[in-house]
Every structure is written in C-alpha cells, then in structure tokens.
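In the structure tokens that follow, the same protein chain appears in two forms, which are kept apart as structure 1 and structure 2.
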Structure 1
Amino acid sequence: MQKNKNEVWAFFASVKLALFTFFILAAASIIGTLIPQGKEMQFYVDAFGPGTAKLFQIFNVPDMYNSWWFVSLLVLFSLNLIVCTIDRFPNIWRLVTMDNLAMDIGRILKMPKRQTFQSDLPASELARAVEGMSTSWKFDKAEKEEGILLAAQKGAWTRLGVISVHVSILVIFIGAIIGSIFGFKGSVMIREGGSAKEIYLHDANNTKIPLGFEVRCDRFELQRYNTGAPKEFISDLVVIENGEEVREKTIEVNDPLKYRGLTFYQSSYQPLEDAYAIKIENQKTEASKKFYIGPGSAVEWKEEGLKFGITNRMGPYGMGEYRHKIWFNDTSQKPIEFWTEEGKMVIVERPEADYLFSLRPLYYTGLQVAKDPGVWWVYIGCGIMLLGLYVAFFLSHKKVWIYISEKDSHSRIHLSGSSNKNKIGFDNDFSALSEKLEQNDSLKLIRE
C-alpha cells in the first residue's frame, strides 16, 4: 500500500507529467481556435456535417474551454503543480536554510572555484581580520579541528523563485475559481434618459438578476473621426440608490464605472429609431429645456409659448445620419418650417426672441456588467509570477568559504565558492573577493 501510494505520488510530482500536460493543453487549445466557439448547433451541422456535429456535441466542442475534459486537463495540471511543489519544497528549504559552516572541509577544498594563499600570521588573527574586512559578504565563523572556517552567502532566498512561479499559477487559478463561483458577467441596454434596475446574465437563459440599485443613462455620445471611424463611445451614468443620486461618472471604453463590486463597461450602442432629443434655448433669457420627441408628434414649451414637432426626415447620409424637417410656432402664430442636421445648432429668429435649436438621435447605450471578486487574486498571482520568473532566471544563490589552517606558525588560506546559476557572474564576484583578500595589507597574503 505504501509503495502504491508512493508511485501515485511520484506520478503526480513528475516533470514528465508536466511536459505531457503542457503538450496536451497546447494541442487541445489549438482545436478551440480552429473550430469557431459558441455558435448554434445548426452552424456545426452545416459546416461539418451531422455526424461530426454530433461528435462535437458529445465533447462539448462548441464551448470547448469549459468542457468537462478540458477542465479535467486543467485540474490535472493543477494537481501536478501542487504535488510537485509539496514534493520539492523540503529539499529546496533545506538548501535555503543550510548551515554552510557544517559543510565538510574536504568538499570545500575540492570545489571547482578555489584559490589558496599563504601567510605568516596565526589563523585566529587572520580570521578576525577577514571578519573585519568591509566586503559585501557577511562571514560567520566556526572553529574546526585543524583550523577556522568562515562562510558567507548571498541570495539563499532566490532558490524560492521557482516555487513562487509555480505557486503563482495556482493563485491565478484560485482567482479564476473565485470569479466563476462568486462572480458573474452580464449586460444591459439603457436608453438615454432611461434607467435599469436589472441586468441579463451571459448564460444559456439570459437570466435576469437585480442590481440592488438603479443605473440611469443621462446621455450617450458617439464621437467619430473625420473618416467616419468611431472615435469614442461615451455614456453619462448616474447610480441611484434609495432614491438618491449617489454616484455620477462619464464612462468610455477602457474607463468603466465601479460601484458595489460591480463594474459597468461601455461596450456597444444602438440608435433608437423613433425618438430624438431636442435642446432649445432662448438666446435672450438663456432659459433652456430638453425634450424627447418622436417623429410626427409635437411638444409644447409652455413657459415660452412655443410649440414644435418633426414633420419629415431625409437620409440616411454618409455616416448614417438623417436630416429632419421641423415645424415651429410661437405666440405670434406665424409657424415656420426648417431643416436640421443631427447635432448642429439652428438659430430660429422670431419677433419675441431668437432660439438656439438642436436635434440629435437618441441611443441605447450597451453596457457589460461584471462582478469578479477573484480578479485581485489573479493580479497578485501575475505579480508573483513575474517576480518569481525574474528571481528564478536572473538571481542566484552564491556561497563562499574561507578555511584557514595553521601549521608550524604558518597559515594557509583556502578560498572557495559556488553558485547555483550565472557562473560567469559568480566568477567575477569570486575574483573580486580573492583580490580584495590579497590586497588587504593586514592579512599579508601570498597567492599560491
């Protein structure tokens, strides 16, 4: 039983399994990029034939990345990571916390990187002098049977780099799981001047869920470049909670509104075919008012004694815009008619006062709504991964030993060292230390 367990453990801890899952995950991922995802069943029947489409359905190919078998591969990948990390950690920790003074002298003397010196000073005095030297190494000291051993190291912690990269992937997965359990993704269309208390989830039934507050869209604006290409989608949003306006924000793509753990992203728009916003201002008194109006109907601005409506429209022109014919009357009872261009001001000259008149189409703003309490785990995981990769690849654990043996009032100083990575960089460090020892007048060393 014990042996059996060890075999299973060894299987999940193995690099072979890691290489295998890399390969399988990569190969499987390709399938999902070649076969379009998230289409209706009929699409697959038309494109691949009924037999293949049936097979796709069994293996959930249309939603491959969420299919049982792909998720199982990700679970296998995670198990491999967890077991391998637990398996290797004690060994790595031993290397991090190892007492370098307990190192066998014989091994120290045989390290590939070494240099020997001689001196007429006694060992104890040499050891004190080395300890007092100002170098970037901090030496610890131990008395040995036939001499004194000094040891120093740098970057022992860098051995944890690899582990932290592996852990970071698990942290990202934890974030993804938290997001998929406690979060949701949905969307909602709100017409200008309108508001929403619910949104629709991106699930199979487009489930309607309440927000717990109200979001109003005061204005949507579609800005275009001269070429007609869209420049920016902008929505003025207001959050209303318990009848009070608690938050206002103008959102655009790449700049969402966040409220109570929910984020509202500008994602699309749609023109209302049957409604327009009219803004009119008395130039003399600067009194102004906004009206929402449909085609073929008229509205009244009682305070000013005005009445106007849309009687005709022409278009669409180049960028899908229309021109509208306006019927306009005031207390003078001499109605006039004029054409407007979307978004452009018209000055209406009347005996009583001049009016600034503008008409623009109304839109629905399309908002993506997301709640993802796991996203900070994902970001922290990403941060750990980058730091971990940097540490694992570019920083090394460097050790140096100085063993001083004394015989017949004559000392030999053995300097040796090792590094787990970046041998060339360590060579330079080692030479620098070696020269520093040699040039230190109080040591009186002679290179052998």
Structure 2
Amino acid sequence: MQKNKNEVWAFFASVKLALFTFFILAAASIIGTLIPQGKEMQFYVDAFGPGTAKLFQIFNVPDMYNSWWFVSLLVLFSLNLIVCTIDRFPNIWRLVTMDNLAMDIGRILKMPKRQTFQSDLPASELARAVEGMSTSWKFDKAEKEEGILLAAQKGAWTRLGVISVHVSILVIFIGAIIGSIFGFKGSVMIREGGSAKEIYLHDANNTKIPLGFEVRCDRFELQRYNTGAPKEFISDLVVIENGEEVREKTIEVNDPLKYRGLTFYQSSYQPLEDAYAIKIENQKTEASKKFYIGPGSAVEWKEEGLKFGITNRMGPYGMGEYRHKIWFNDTSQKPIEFWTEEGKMVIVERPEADYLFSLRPLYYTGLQVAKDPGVWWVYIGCGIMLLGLYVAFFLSHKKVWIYISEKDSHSRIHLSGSSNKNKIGFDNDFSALSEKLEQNDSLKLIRE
C-alpha cells in the first residue's frame, strides 16, 4: 500500500496533528511556568485547595515536564515531525535536483513572468553571446528541436530550510531527553566561611548527591534598597579539589559558577541567628583577618595580640538593622568599649596601631546546582533552527530560462522566470537581467 493511501501514515504526516500537539505543548508549558514546580503536596493544598491539589497529583502537575502525558505529547510531536519530513522530502529533493533544461518549452513561453526580444543574429551566435555575458546567473545549455534553451537557477538548496527546522526541533528534543535522563537539579545552603561536598536533589526524598569536590563560600554580601528590600546578593565561591583551590568566582544572579559540568547559580540567602562576620585591618601593617562570632563570646587575633567580642545589642531599627556594643582589648592599654552599626566601618585608635573594624550579619548563601549534559544539543538545535528559519523565510529558489528560436533569418529570445517566494525581490532580479540583455550591443535586441 502506498504511503499516501495509508491512513496511519497520513495521520502522523498531518499538519493538523502538528498544530494540535504544538498548541497543547505550548499551553502546558505556560501552565507549568505559572504553577510552581517541585513543591511538596501540602503547598498545592494550601495554595489551590484539596480538590485542585488532588487533580494536580493525578496529572503530575508538580513535575509536569516529566509527567507521562507531557512526555507522550513530545513523542507524538516528534513522530509527527519525522513522518512529515520523510513524506515531504522526496518532492522537495526533486525540486532541488530537477533538470531545468528538461522543462517543457510551451510551459516556459506561458510563464507569467516573461519578456520577448527580437534579433537579426543567428540563434547559435546569440546563445554563445548570452553564455559569455558577465551576469550573476550561470547558464546551462541544451539544443532543442526548434531552438536553444538556456537555464539557470539560484538558491535551490533554500527549499531545504523547512527540513532543517524540523531537524532542529528533533535535536532540541534529543538534548532535552539527554538532560532529563543524565542531568539533575538540586540545591545547597552554605554558610559564609563554610563549605559543602554534596547537594540535595529537588525530589520527594531530597536525595543527597556527592559533588566529588568541595565548594567553599568565603564571602556573602547582601545589598538593600533604602526601603530595606533586598537589592542584590553575591557570593565569593572557591572550588577545592584534592586539597587545592582550583577555581574562584564571585557569583550573582544570572552569573553562575561552572565547574566539571555543574552550574552553581545564586538563588537565595538565609540569615544565621545571632551570628556575625567581623573584619579587622591593621592600618599600619595592612594585615587583615575575618572572624565569625556570636553575642556574648570573644575571639582572639594572636598575631596582633587582640581580643574582642560582642557584649550588647540594640534594635532592630528602620531596616531591621542592629547596633552592637564591642569590647576590644590589646596589650598596650586597658580594654575599651564602643558601639558600631552593621556594615559600617569604625576606626579603633590604639597606641601601637589604628584598626579598621566592621561587623555585619552572617548568612547562608543558597545555591541552585544544575547538571545538563544535553544543553549543547539544545544550543546546536537552536542554531540550526535560526538558520533554517532564516533560509525558509528570507531566501528563495529563483529560476530563469532563455529560449532562443530562429525563423526566416530572424531570432527571438524568450526570457522567462519564476520564484517560490519573495516575488518582489525576484522581479528586481528579472528586470536587471532583462535590461542587461537589452543593453548588450552585441546581441542587437529589440524588445517586443
């Protein structure tokens, strides 16, 4: 049975099926974007009610992009693209490789786009002159019973643009499948000054995944607007492998750290209760050190002979910030106490040296970690798609014929042409070729 008579084949080759699955996938993707993914079921019960949450559970909406019905739609759409491509490729390839010199002369003479000239030169001499003209068209020649036919074309390969778009979508799907099977998404909270050797997947069991190396957070900085709302937060990360620091990067939102196929995104933060980071710098020697401390405790900088601690706290004030009372002691004088605000620099004057002192709250930095080995397939697919769309919409297959016939010592030149799209652009090319023929003195043409 022929493919065009096979109902199953016709179903999968249908453009209607392609449009149907495409719009369903697009609608589902919008829903998946609006409804938070990967949350606990109680979240959906609280947000949407028990009945809707039960429906979400049946259709696996919390993990929509891995649900059976979404994957089935992708498979159906892929089959549709494959069958459509196979079904239409032979005809497209025939148009790409067809012999334009085999075109019926009667059809050439009746084309809507045509121009006729007369000349006193013999047909063979006219054909040689046209072939020798300097034009952007490269002509092939064939002897016909009643004359000579010249044919040229441009952009025959552009008819493959739609095929490349189909292929690009399949390549993107392959990348998505590879990422879904061999990739993962997880997260980890790292305290400033601390490190992590594993992350936790976004699944029901919060599965622990070892990294194979260590990630340390040396600094976390939170900047706020005047209203107190968070403005920006950044983290200084260091990758440690086999006891050596192999990579450093300051990350922020949309500027992640990438290492060994993993991408670490800055995604959130969380303050530590009653924990602070203190930085002290000796202005004389420029020696500096960072300490992590809580209220009611003291730390020592042995190299400088310093001891200090937090003895009191007042607040919170307008933006949730506190003032802290600091006890400070060195070997030169009696201990002193002073107040400081979070994030502000204070100069502590001592006989031996002056010290820059700053205090700020300590945070956990929230990192989202993703592994997607299929991402390069997706990038390649997107590149092929852009190229295919450009070819399909902006380039065209253009063909011209010049048929030269001779009768009663006079010759006639019939110039005809066609284009599968961009008719206005082809009209300009056709007019330019027609004018070049007419203005060539060696042809001695007269327009009819």
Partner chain sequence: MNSSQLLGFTTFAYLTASILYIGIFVFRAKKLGLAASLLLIVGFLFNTGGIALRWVESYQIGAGHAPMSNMYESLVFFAWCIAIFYLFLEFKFKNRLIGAFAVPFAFLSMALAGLTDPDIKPLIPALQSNWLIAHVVTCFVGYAAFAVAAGMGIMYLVGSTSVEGGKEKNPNGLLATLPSLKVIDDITHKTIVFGFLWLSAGIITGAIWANSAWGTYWSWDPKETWSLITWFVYAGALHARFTKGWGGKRIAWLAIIGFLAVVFTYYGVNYLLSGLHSYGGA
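Think of the rigid core as the biggest set of C-alphas that the two forms share within 1.5 Å after superposition. Start at 1 and count along the sequence of structure 1; that gives the residue numbers used here. Because the structure is a prediction, the values reported are computed rather than measured.
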Report summary line: Structure holding the form predicted alone is number 2
Query raised in the report: Core-aligned, is the CA shift for Glu304 between the two structures 2 angstroms or more?
Result: yes
Report task. Kindly check if the Cα atom of Tyr355 is displaced 2 angstroms or more between the two structures relative to the superposed rigid core. Result -> yes
Query raised in the report: Once the two forms are fit on the core, has Gln153 moved its CA by at least 2 Å between the two structures?
Result: no
Query raised in the report: Cα of Ala28: shift between the two structures in Å, core-fitted?
Result: 5.1
**Report entry** After superposing on the core, C-alpha shift for Gln57 between the two structures in angstrom
**Finding:** 3.2
